[in-house]
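As a starting point, one isolated chain is supplied in C-alpha coordinates, in the form predicted on its own.
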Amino acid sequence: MKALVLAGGKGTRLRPFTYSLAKQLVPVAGKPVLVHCLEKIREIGVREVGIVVGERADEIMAVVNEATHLDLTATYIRQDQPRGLAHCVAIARDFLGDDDFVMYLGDNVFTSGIHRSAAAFARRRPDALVTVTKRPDPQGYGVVDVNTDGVVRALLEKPAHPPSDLVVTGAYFFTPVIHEAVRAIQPSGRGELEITDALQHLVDTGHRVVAEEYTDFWRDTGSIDELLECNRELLERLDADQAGNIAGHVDADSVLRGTVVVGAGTLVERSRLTGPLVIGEGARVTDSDLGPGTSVGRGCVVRNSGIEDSILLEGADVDGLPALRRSLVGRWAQVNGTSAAPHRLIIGDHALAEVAA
(Lines give C-alpha, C1' and ligand atoms only; values in the text may rest on other atoms or scores of the structure.)
Protein backbone atom coordinates (compact mmCIF):
# COMPACT_ATOMS: atom_id res chain seq x y z
CA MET A 1 0.00 0.00 0.00
CA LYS A 2 1.08 3.57 -0.73
CA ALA A 3 0.00 6.87 0.77
CA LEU A 4 -1.11 10.08 -0.89
CA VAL A 5 -0.82 13.10 1.40
CA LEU A 6 -2.39 16.37 0.32
CA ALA A 7 -0.26 19.34 1.35
CA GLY A 8 -1.23 21.99 -1.17
CA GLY A 9 -4.04 24.50 -0.79
CA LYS A 10 -3.85 28.11 0.26
CA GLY A 11 -5.17 27.91 3.83
CA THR A 12 -7.22 31.09 3.59
CA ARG A 13 -8.87 30.51 6.99
CA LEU A 14 -5.44 30.61 8.66
CA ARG A 15 -4.36 33.97 7.32
CA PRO A 16 -2.21 35.92 8.13
CA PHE A 17 0.01 32.89 8.85
CA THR A 18 -0.51 31.23 5.51
CA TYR A 19 0.71 34.30 3.64
CA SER A 20 4.20 33.12 4.61
CA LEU A 21 3.80 29.52 5.81
CA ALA A 22 2.05 26.43 4.44
CA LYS A 23 -0.97 25.64 6.60
CA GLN A 24 0.23 22.06 7.09
CA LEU A 25 3.42 23.37 8.71
CA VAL A 26 1.83 25.32 11.55
CA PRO A 27 2.99 23.47 14.68
CA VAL A 28 0.75 21.79 17.24
CA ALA A 29 2.28 20.26 20.37
CA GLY A 30 5.73 21.18 19.12
CA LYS A 31 5.53 19.57 15.66
CA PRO A 32 4.10 20.66 12.30
CA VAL A 33 0.66 19.21 11.62
CA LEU A 34 2.09 17.50 8.53
CA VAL A 35 4.62 15.60 10.64
CA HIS A 36 1.82 14.33 12.88
CA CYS A 37 0.06 13.10 9.71
CA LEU A 38 3.13 11.31 8.38
CA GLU A 39 3.70 9.65 11.75
CA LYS A 40 0.18 8.21 11.63
CA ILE A 41 0.82 6.88 8.13
CA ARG A 42 4.04 5.25 9.23
CA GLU A 43 2.22 3.60 12.15
CA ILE A 44 0.10 1.54 9.73
CA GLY A 45 3.20 0.25 7.97
CA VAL A 46 3.20 2.47 4.87
CA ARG A 47 6.62 3.70 3.79
CA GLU A 48 6.09 5.02 0.25
CA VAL A 49 4.37 8.41 0.29
CA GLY A 50 3.38 10.80 -2.48
CA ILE A 51 2.95 14.36 -1.23
CA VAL A 52 0.89 16.78 -3.32
CA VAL A 53 2.41 20.24 -2.96
CA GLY A 54 1.57 23.72 -4.21
CA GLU A 55 3.26 27.07 -3.99
CA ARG A 56 4.91 26.23 -0.63
CA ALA A 57 6.60 23.12 -2.01
CA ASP A 58 10.11 24.06 -0.87
CA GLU A 59 8.97 24.58 2.73
CA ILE A 60 7.11 21.25 2.74
CA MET A 61 10.12 19.41 1.34
CA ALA A 62 12.49 20.94 3.90
CA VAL A 63 10.32 19.88 6.84
CA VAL A 64 9.81 16.33 5.54
CA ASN A 65 13.53 15.95 4.85
CA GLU A 66 14.31 17.14 8.39
CA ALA A 67 11.96 14.56 9.93
CA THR A 68 14.40 11.68 9.46
CA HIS A 69 12.73 9.64 12.22
CA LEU A 70 9.86 8.96 9.83
CA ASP A 71 11.96 6.66 7.61
CA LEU A 72 9.69 7.34 4.62
CA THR A 73 10.37 7.54 0.89
CA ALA A 74 8.71 10.73 -0.33
CA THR A 75 7.74 11.62 -3.89
CA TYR A 76 6.55 15.19 -4.49
CA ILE A 77 3.69 15.83 -6.91
CA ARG A 78 3.11 19.43 -7.89
CA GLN A 79 -0.35 20.90 -8.29
CA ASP A 80 -0.42 24.32 -9.96
CA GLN A 81 -3.69 25.39 -8.29
CA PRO A 82 -6.10 23.76 -5.80
CA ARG A 83 -8.45 21.87 -8.13
CA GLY A 84 -10.12 19.42 -5.75
CA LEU A 85 -9.20 16.25 -3.89
CA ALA A 86 -10.06 14.02 -6.84
CA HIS A 87 -7.75 16.10 -9.01
CA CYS A 88 -4.95 15.20 -6.59
CA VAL A 89 -5.67 11.53 -7.22
CA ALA A 90 -5.61 12.18 -10.98
CA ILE A 91 -2.22 13.92 -11.01
CA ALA A 92 -0.76 11.23 -8.73
CA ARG A 93 -1.77 8.42 -11.12
CA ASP A 94 1.78 7.59 -12.20
CA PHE A 95 3.00 7.46 -8.62
CA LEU A 96 0.08 5.37 -7.37
CA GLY A 97 0.14 2.84 -10.22
CA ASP A 98 -2.16 -0.09 -9.53
CA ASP A 99 -1.55 -0.14 -5.78
CA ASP A 100 -4.07 0.31 -3.01
CA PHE A 101 -3.48 3.58 -1.19
CA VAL A 102 -4.52 5.69 1.76
CA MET A 103 -5.29 9.33 1.01
CA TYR A 104 -4.67 11.58 4.01
CA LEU A 105 -5.40 15.30 4.17
CA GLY A 106 -2.27 16.97 5.50
CA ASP A 107 -4.12 19.39 7.77
CA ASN A 108 -6.10 16.72 9.66
CA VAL A 109 -5.30 15.46 13.14
CA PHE A 110 -6.36 11.98 14.29
CA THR A 111 -5.01 11.73 17.82
CA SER A 112 -5.16 7.94 18.02
CA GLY A 113 -4.24 7.29 14.40
CA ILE A 114 -5.98 5.48 11.57
CA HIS A 115 -5.30 1.86 12.60
CA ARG A 116 -8.97 0.89 12.73
CA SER A 117 -9.71 2.18 9.24
CA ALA A 118 -6.62 0.44 7.86
CA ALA A 119 -7.62 -2.84 9.53
CA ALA A 120 -11.23 -2.57 8.30
CA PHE A 121 -10.01 -1.93 4.75
CA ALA A 122 -7.78 -5.01 4.88
CA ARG A 123 -10.48 -7.18 6.46
CA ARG A 124 -13.52 -6.14 4.41
CA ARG A 125 -11.76 -5.43 1.09
CA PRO A 126 -14.21 -2.83 -0.25
CA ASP A 127 -13.50 -0.81 -3.35
CA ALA A 128 -13.14 2.24 -1.11
CA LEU A 129 -13.38 3.08 2.57
CA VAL A 130 -14.14 6.48 4.10
CA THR A 131 -13.28 7.32 7.69
CA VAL A 132 -16.23 9.05 9.33
CA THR A 133 -17.01 10.51 12.72
CA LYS A 134 -20.14 11.74 14.47
CA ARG A 135 -20.72 15.48 14.65
CA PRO A 136 -23.62 17.39 16.21
CA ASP A 137 -23.57 19.83 13.27
CA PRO A 138 -23.29 17.59 10.18
CA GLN A 139 -24.81 20.25 7.90
CA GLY A 140 -21.38 21.85 7.56
CA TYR A 141 -19.64 18.68 6.33
CA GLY A 142 -19.81 15.91 3.80
CA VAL A 143 -22.32 13.41 5.21
CA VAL A 144 -22.67 9.69 4.53
CA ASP A 145 -25.86 7.65 4.46
CA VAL A 146 -25.05 4.05 5.41
CA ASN A 147 -26.92 0.80 5.96
CA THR A 148 -26.65 -1.24 9.14
CA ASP A 149 -23.46 -2.91 7.91
CA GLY A 150 -21.70 0.38 7.27
CA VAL A 151 -22.03 0.16 3.48
CA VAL A 152 -22.42 3.62 1.97
CA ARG A 153 -25.64 4.33 0.10
CA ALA A 154 -24.99 8.00 -0.61
CA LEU A 155 -22.61 10.87 0.08
CA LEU A 156 -24.02 14.38 0.38
CA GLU A 157 -22.04 17.62 0.59
CA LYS A 158 -23.33 19.97 3.33
CA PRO A 159 -26.96 18.82 3.11
CA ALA A 160 -29.71 20.96 4.60
CA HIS A 161 -31.33 17.80 5.98
CA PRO A 162 -28.56 15.28 6.79
CA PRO A 163 -29.58 11.61 6.69
CA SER A 164 -27.14 10.88 9.54
CA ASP A 165 -24.67 12.53 11.89
CA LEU A 166 -21.70 10.73 10.29
CA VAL A 167 -19.38 13.17 8.52
CA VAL A 168 -16.44 12.48 6.24
CA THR A 169 -12.99 13.11 7.73
CA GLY A 170 -9.64 13.38 5.97
CA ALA A 171 -8.58 9.72 5.71
CA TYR A 172 -9.68 7.51 2.80
CA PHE A 173 -8.59 4.07 1.62
CA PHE A 174 -8.83 3.19 -2.07
CA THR A 175 -8.30 0.35 -4.49
CA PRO A 176 -7.22 1.25 -8.08
CA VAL A 177 -10.88 1.35 -9.18
CA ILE A 178 -11.01 4.92 -7.86
CA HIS A 179 -9.05 6.04 -10.93
CA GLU A 180 -11.94 5.04 -13.19
CA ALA A 181 -14.32 7.08 -11.03
CA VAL A 182 -12.04 10.13 -11.10
CA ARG A 183 -11.93 10.00 -14.90
CA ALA A 184 -15.72 9.73 -15.07
CA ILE A 185 -16.70 12.78 -13.01
CA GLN A 186 -16.95 16.44 -14.02
CA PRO A 187 -15.88 19.53 -12.05
CA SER A 188 -18.38 20.69 -9.46
CA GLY A 189 -20.03 24.09 -9.33
CA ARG A 190 -16.93 25.54 -7.71
CA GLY A 191 -14.77 24.21 -10.56
CA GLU A 192 -13.10 21.37 -8.65
CA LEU A 193 -13.03 17.60 -9.00
CA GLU A 194 -14.64 16.46 -5.76
CA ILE A 195 -13.65 13.18 -4.12
CA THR A 196 -17.23 12.84 -2.83
CA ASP A 197 -18.44 12.85 -6.45
CA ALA A 198 -15.93 10.10 -7.30
CA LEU A 199 -17.08 8.05 -4.32
CA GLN A 200 -20.73 8.57 -5.28
CA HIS A 201 -19.89 7.41 -8.79
CA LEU A 202 -18.50 4.18 -7.30
CA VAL A 203 -21.72 3.69 -5.34
CA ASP A 204 -23.89 4.44 -8.39
CA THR A 205 -21.98 1.96 -10.55
CA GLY A 206 -22.36 -0.91 -8.08
CA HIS A 207 -19.00 -0.72 -6.36
CA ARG A 208 -18.74 -1.29 -2.63
CA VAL A 209 -17.89 1.71 -0.50
CA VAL A 210 -17.89 1.31 3.29
CA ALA A 211 -17.62 3.71 6.20
CA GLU A 212 -15.50 3.13 9.29
CA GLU A 213 -16.35 5.24 12.32
CA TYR A 214 -13.55 7.05 14.14
CA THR A 215 -14.52 7.66 17.77
CA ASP A 216 -11.53 9.58 19.16
CA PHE A 217 -10.53 13.23 18.78
CA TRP A 218 -10.39 14.46 15.16
CA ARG A 219 -10.09 17.95 13.75
CA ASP A 220 -9.39 19.67 10.48
CA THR A 221 -6.88 22.32 11.58
CA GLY A 222 -8.20 24.87 9.12
CA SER A 223 -8.88 27.65 11.63
CA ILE A 224 -7.13 29.30 14.56
CA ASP A 225 -9.54 27.86 17.13
CA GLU A 226 -9.18 24.34 15.71
CA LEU A 227 -5.39 24.64 15.80
CA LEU A 228 -5.43 25.69 19.45
CA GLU A 229 -7.88 22.91 20.30
CA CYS A 230 -5.64 20.32 18.64
CA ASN A 231 -2.60 21.74 20.38
CA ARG A 232 -4.19 21.35 23.81
CA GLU A 233 -5.52 17.86 23.06
CA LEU A 234 -2.17 16.56 21.80
CA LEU A 235 -0.29 18.09 24.71
CA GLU A 236 -2.64 16.39 27.14
CA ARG A 237 -1.75 13.07 25.50
CA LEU A 238 2.00 13.36 25.95
CA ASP A 239 3.01 9.99 27.33
CA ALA A 240 4.85 9.23 30.55
CA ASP A 241 8.17 8.85 28.70
CA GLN A 242 7.96 12.48 27.64
CA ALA A 243 7.03 13.81 31.08
CA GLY A 244 10.03 15.49 32.65
CA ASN A 245 12.02 15.44 29.39
CA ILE A 246 14.24 18.38 30.29
CA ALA A 247 17.04 18.62 27.75
CA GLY A 248 17.67 22.31 28.40
CA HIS A 249 18.62 24.07 31.64
CA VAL A 250 16.03 25.01 34.27
CA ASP A 251 17.45 27.01 37.19
CA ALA A 252 16.81 26.30 40.85
CA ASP A 253 14.43 29.27 41.16
CA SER A 254 12.00 27.83 38.63
CA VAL A 255 9.08 25.49 39.41
CA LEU A 256 7.83 22.70 37.12
CA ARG A 257 4.48 20.96 37.50
CA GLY A 258 2.80 18.39 35.28
CA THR A 259 4.07 17.16 31.94
CA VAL A 260 6.74 19.60 30.78
CA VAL A 261 9.15 19.15 27.86
CA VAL A 262 12.10 21.52 27.50
CA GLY A 263 14.24 21.32 24.36
CA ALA A 264 18.02 21.23 24.14
CA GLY A 265 19.78 24.56 24.50
CA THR A 266 16.79 26.20 26.17
CA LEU A 267 17.30 28.29 29.32
CA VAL A 268 14.52 28.76 31.91
CA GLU A 269 15.11 31.23 34.74
CA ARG A 270 12.89 32.25 37.66
CA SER A 271 9.77 30.90 35.99
CA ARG A 272 6.83 28.62 36.64
CA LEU A 273 6.09 25.94 34.04
CA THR A 274 2.77 24.11 34.35
CA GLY A 275 2.09 21.29 31.93
CA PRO A 276 1.07 20.00 29.58
CA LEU A 277 3.63 22.27 28.00
CA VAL A 278 6.32 22.01 25.32
CA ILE A 279 9.22 24.41 24.86
CA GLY A 280 11.36 23.92 21.77
CA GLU A 281 15.12 24.06 21.35
CA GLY A 282 17.16 27.18 21.95
CA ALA A 283 14.39 29.18 23.66
CA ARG A 284 14.75 31.49 26.65
CA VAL A 285 12.08 31.91 29.33
CA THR A 286 12.69 34.46 32.09
CA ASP A 287 10.49 35.63 34.98
CA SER A 288 7.42 34.12 33.34
CA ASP A 289 4.51 31.80 34.02
CA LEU A 290 3.80 29.37 31.19
CA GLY A 291 0.56 27.50 31.72
CA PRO A 292 -1.13 24.40 30.35
CA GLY A 293 -1.85 23.96 26.66
CA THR A 294 1.07 26.06 25.49
CA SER A 295 3.64 25.26 22.80
CA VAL A 296 6.69 27.50 22.58
CA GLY A 297 8.69 27.13 19.36
CA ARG A 298 12.43 26.91 19.02
CA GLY A 299 14.37 30.09 19.48
CA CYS A 300 11.49 31.90 21.19
CA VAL A 301 12.09 34.48 23.92
CA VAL A 302 9.55 35.00 26.71
CA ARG A 303 10.13 37.61 29.44
CA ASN A 304 7.91 38.85 32.25
CA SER A 305 4.86 37.19 30.75
CA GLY A 306 2.09 34.73 31.54
CA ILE A 307 0.92 32.52 28.67
CA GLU A 308 -1.71 29.78 28.53
CA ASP A 309 -3.47 27.78 25.78
CA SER A 310 -1.33 29.38 23.09
CA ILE A 311 1.16 28.64 20.35
CA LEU A 312 4.33 30.67 19.81
CA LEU A 313 5.97 29.90 16.49
CA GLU A 314 9.70 29.81 15.92
CA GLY A 315 11.61 32.90 17.07
CA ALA A 316 8.63 34.74 18.56
CA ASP A 317 9.49 37.28 21.26
CA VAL A 318 6.94 38.11 23.98
CA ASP A 319 7.71 40.62 26.73
CA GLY A 320 5.57 42.16 29.46
CA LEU A 321 2.20 40.44 28.94
CA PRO A 322 1.17 38.63 32.14
CA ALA A 323 -2.13 37.25 30.80
CA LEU A 324 -1.87 36.08 27.19
CA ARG A 325 -4.57 33.50 26.46
CA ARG A 326 -5.64 31.44 23.40
CA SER A 327 -3.17 33.27 21.21
CA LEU A 328 -1.13 32.43 18.13
CA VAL A 329 2.07 34.41 17.60
CA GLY A 330 3.87 34.05 14.28
CA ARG A 331 7.50 33.36 13.47
CA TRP A 332 9.93 36.05 14.64
CA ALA A 333 7.08 38.31 15.68
CA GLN A 334 7.63 40.71 18.59
CA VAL A 335 4.92 41.42 21.14
CA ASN A 336 5.56 43.96 23.91
CA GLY A 337 3.15 45.19 26.54
CA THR A 338 2.52 46.78 29.90
CA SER A 339 -1.08 45.70 30.40
CA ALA A 340 -2.10 43.28 33.16
CA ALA A 341 -5.49 42.60 31.54
CA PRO A 342 -6.07 39.31 29.71
CA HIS A 343 -5.44 39.44 25.98
CA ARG A 344 -5.96 37.20 22.98
CA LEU A 345 -3.67 37.99 20.07
CA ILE A 346 -3.38 36.59 16.56
CA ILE A 347 -0.07 37.93 15.24
CA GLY A 348 1.47 37.00 11.89
CA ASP A 349 5.12 36.36 11.00
CA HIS A 350 7.64 39.18 11.51
CA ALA A 351 4.94 41.44 13.00
CA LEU A 352 5.49 43.97 15.79
CA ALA A 353 2.69 44.53 18.31
CA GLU A 354 2.69 46.80 21.34
CA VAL A 355 -0.08 46.31 23.90
CA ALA A 356 -0.62 49.39 26.06
CA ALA A 357 -1.98 49.41 29.59
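The structure presented is a predicted model; accordingly, all values stated were derived computationally and were not measured. Note that residue numbering begins at 1 and tracks the sequence as displayed.
Another form, the form predicted in complex with 1-O-phosphono-alpha-D-glucopyranose, is not on view; read the next lines as being about it.
* To do: Have a look at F121, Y214, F101, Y141 for me and say which one sits with a heavy atom within 4.5 Å of 1-O-phosphono-alpha-D-glucopyranose in the model of the complex.
  => Exactly one residue meets the criterion: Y141.
* **Contact residue in the model of the complex, chosen from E180, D204, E157, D225 - any heavy atom within 4.5 Å of 1-O-phosphono-alpha-D-glucopyranose** => None of the others qualify; the residue that does is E157.
* Is there a heavy atom of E194 lying 4.5 Å or less from a heavy atom of 1-O-phosphono-alpha-D-glucopyranose in the model of the complex? -> Contact check for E194: yes, within 4.5 Å of 1-O-phosphono-alpha-D-glucopyranose in the model of the complex.
* Consider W218 of the chain shown here, and say whether it contacts 1-O-phosphono-alpha-D-glucopyranose in the model of the complex, taking contact as heavy atoms within 4.5 Å. => Taking the distances in the model of the complex, the answer for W218 is yes, it comes within 4.5 Å of 1-O-phosphono-alpha-D-glucopyranose.
* Asked: Any chance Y172 has a heavy atom within 4.5 Å of 1-O-phosphono-alpha-D-glucopyranose in the model of the complex?
  -> It does: once 1-O-phosphono-alpha-D-glucopyranose is placed as it appears in the model of the complex, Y172 has a heavy atom within 4.5 Å of it.
* Asked: Should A283 be counted as a contact of 1-O-phosphono-alpha-D-glucopyranose in the model of the complex, where contact means heavy atoms within 4.5 Å?
  -> Close contact is absent here: in the model of the complex, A283 is far from 1-O-phosphono-alpha-D-glucopyranose, nothing within 4.5 Å, heavy atoms only.
* Asked: Any chance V302, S310 and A333 all have a heavy atom within 4.5 Å of 1-O-phosphono-alpha-D-glucopyranose in the model of the complex?
  -> Negative, none of the three is within 4.5 Å.
* Asked: For the chain shown here without its partner, which stretch in 206 to 214, 249 to 257, 157 to 165, 226 to 234 has non-hydrogen atoms within 4.5 angstroms of 1-O-phosphono-alpha-D-glucopyranose in the model of the complex?
  -> Stretch 157 to 165 is the one.
* To do: Quick one: name the residues from 65 to 87 with any non-hydrogen atom within 4.5 angstroms of 1-O-phosphono-alpha-D-glucopyranose in the model of the complex.
  => Heavy-atom contacts to 1-O-phosphono-alpha-D-glucopyranose in the model of the complex: only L85.
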